[in-house]
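Consider the single chain below, provided in structure tokens and representing the form predicted alone.
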Amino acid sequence: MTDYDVIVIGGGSTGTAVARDCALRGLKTLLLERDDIASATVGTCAGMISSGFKYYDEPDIMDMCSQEVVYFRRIARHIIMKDPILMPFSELEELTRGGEASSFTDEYAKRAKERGVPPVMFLSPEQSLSIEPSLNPDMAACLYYEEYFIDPFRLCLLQAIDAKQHGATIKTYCEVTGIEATKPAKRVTFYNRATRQVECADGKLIVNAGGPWAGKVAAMAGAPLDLRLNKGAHVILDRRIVNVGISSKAADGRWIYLYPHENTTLLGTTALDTWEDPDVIVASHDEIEYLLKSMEWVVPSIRQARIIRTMEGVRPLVPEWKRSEDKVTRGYRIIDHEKDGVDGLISFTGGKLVMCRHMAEAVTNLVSKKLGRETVCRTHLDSLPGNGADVDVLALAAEYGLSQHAVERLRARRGTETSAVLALTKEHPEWKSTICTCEPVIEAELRYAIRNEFPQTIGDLRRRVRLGTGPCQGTFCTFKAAAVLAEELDLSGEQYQLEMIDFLAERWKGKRPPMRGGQLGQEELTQGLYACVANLDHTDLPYELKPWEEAA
């Protein structure tokens, strides 16, 4: 057992940001995550590092969001992309002075220059259609603005890797089962799902970054923590059906969006208060139809695209009750449970992806103060791994004999690490073979990720390199990826088969709710390959070999 200055519970955007900040300030840090890094709530978001434009009635939130965008562009520009967005209006009255659009435009313009984007522009229907021909021509006008998006999986992973490089201990697949907060040294007990052992760690302070599970974590220490849980669904379409992002009002007057995202398109999101278990929540038929019907008025051709999956996440909002969801603050609160008689436990409520670094800085300031340490935050100045000089994609594609598209997708994930990945193919030219054709992902990148980014399952590799996230949803890459993982981690034949079964089962959870139309044929093909040809549905494997489930 090791003593730590701080133990961070939760490996999402906030938890990894806290671990990084603590490690950079010289605090001995342990991060515990019950699954993989970014495997829960943050993995279900659209990836926007928002300017906060929707929160124009909270100017402090808009100021914070705008400043954080500037910081992210400094420390992680290699995993950031900028999307133009159109906001169509059916009535000109909606754009008049004093209206909602006018308020948004005024507040957005105040902060546009610092973020490196133009002010909001008003476009005629003809100008709007020249940018996005798929829009319904029956519109009065459009607003044009720009927002930045980040790869949330890579952000969390890079924060964790940077924390590790600065001395932090990162433990994934370690589920916290108990907290003793009565001793001078707080003890955290956790079940290591990889080793099947119960372990303990002592820390002077505990930071609870459990997101929607933060209340359960606090309860282990006997501390109350109220959260307003709010669920949101996304529909993922099989291609980029629009050239730019679309933001429009839904059937109930809420704002929803359609964003080009990597090689797919995201349609989202719903916002419903929930008391369901975040572990089992899935998108409902009504949520899917609400999103499709609402966006169909603006992009009439949307149903021509194939829905490849849905995802549902739970927002851990600040517990402001008896007001509508859209009126609840999008800020965050830091709860020091010393006021509850539980000294040494600090929890979060609220927050958004764009705020994760700010949240970490605030809580690490508090941690340092409680520990009596004078520290200085550098997370807004020091780059994350891979963020450095520009990468010459054309030169690398020519040098290694790969397609420009494959190298560009690799660069968008790895930045300056791209050359190190491609260098593996000099000794092993066969590793230039494509494993995932949808993304695409080459074998060299899989092996690099396994050796340097501590994945333990095919699902972990999905979060590292977007394996199996495209239109086929793992149909053609699972076999190949499992073989590479088995060779690198020296897995047995049974473990190799279980990896495929587990990954396909995880993919099925998101594919089942919207199963319809062309996706039925795609799923029949997947079932034919893995159940019929590979005979995986009749594999008699001993249960105890299943690597990531707790023993009965």
Partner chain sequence: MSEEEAYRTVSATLEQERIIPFKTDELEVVRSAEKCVNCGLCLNHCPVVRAVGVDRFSGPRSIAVELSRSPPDFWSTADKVYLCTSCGTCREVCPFNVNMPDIVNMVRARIFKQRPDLVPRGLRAVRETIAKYSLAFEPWEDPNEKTESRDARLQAAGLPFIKDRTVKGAEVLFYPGCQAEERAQEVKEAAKFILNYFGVDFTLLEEMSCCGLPSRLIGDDETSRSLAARLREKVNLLGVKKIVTTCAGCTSNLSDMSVRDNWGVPVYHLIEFLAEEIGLERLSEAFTEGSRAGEVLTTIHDPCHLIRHTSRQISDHVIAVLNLIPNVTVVPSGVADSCCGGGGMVGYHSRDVADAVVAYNLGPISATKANRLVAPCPLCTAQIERNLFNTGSDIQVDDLAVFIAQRLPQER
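Numbering follows the first chain given and starts at 1. A quick note: this is a predicted structure, and the numbers were derived from the prediction, not measured.
Unshown form predicted together with the partner chain; subsequent notes refer to it.
- Scanning N452, S284, N243, N192 against the partner chain in the predicted bound form with a 4.5 Å heavy atom cut-off leaves one residue, N243.
- Only one of the listed residues (R74, H405, R187, K164) places a non-hydrogen atom within 4.5 angstroms of the partner chain in the predicted bound form, and that residue is H405.
- Stretch-level contact analysis of 436 to 444, 457 to 465, 270 to 278, 205 to 213 against the partner chain in the predicted bound form, using heavy atoms and a 4.5 Å limit, identifies 436 to 444.
- No member of the trio D63, M359 and H380 reaches the partner chain in the predicted bound form with any non-hydrogen atom inside 4.5 Å.
- Contact annotation: L525 falls within 4.5 Å of the partner chain in the predicted bound form, judged by heavy atom distances.
- The partner chain is not drawn, but in the predicted bound form it has a heavy atom within 4.5 Å of P133.
- In the predicted bound form, at least one heavy atom of T264 sits within 4.5 Å of the partner chain.
- When the partner chain is considered in the predicted bound form, R239 lines it closely, a heavy atom lying within 4.5 Å.
- Residues of 289 to 317 lying near the partner chain in the predicted bound form, listed in sequence order, are S301, Q304, A305, R306, the criterion being any heavy atom within 4.5 Å.
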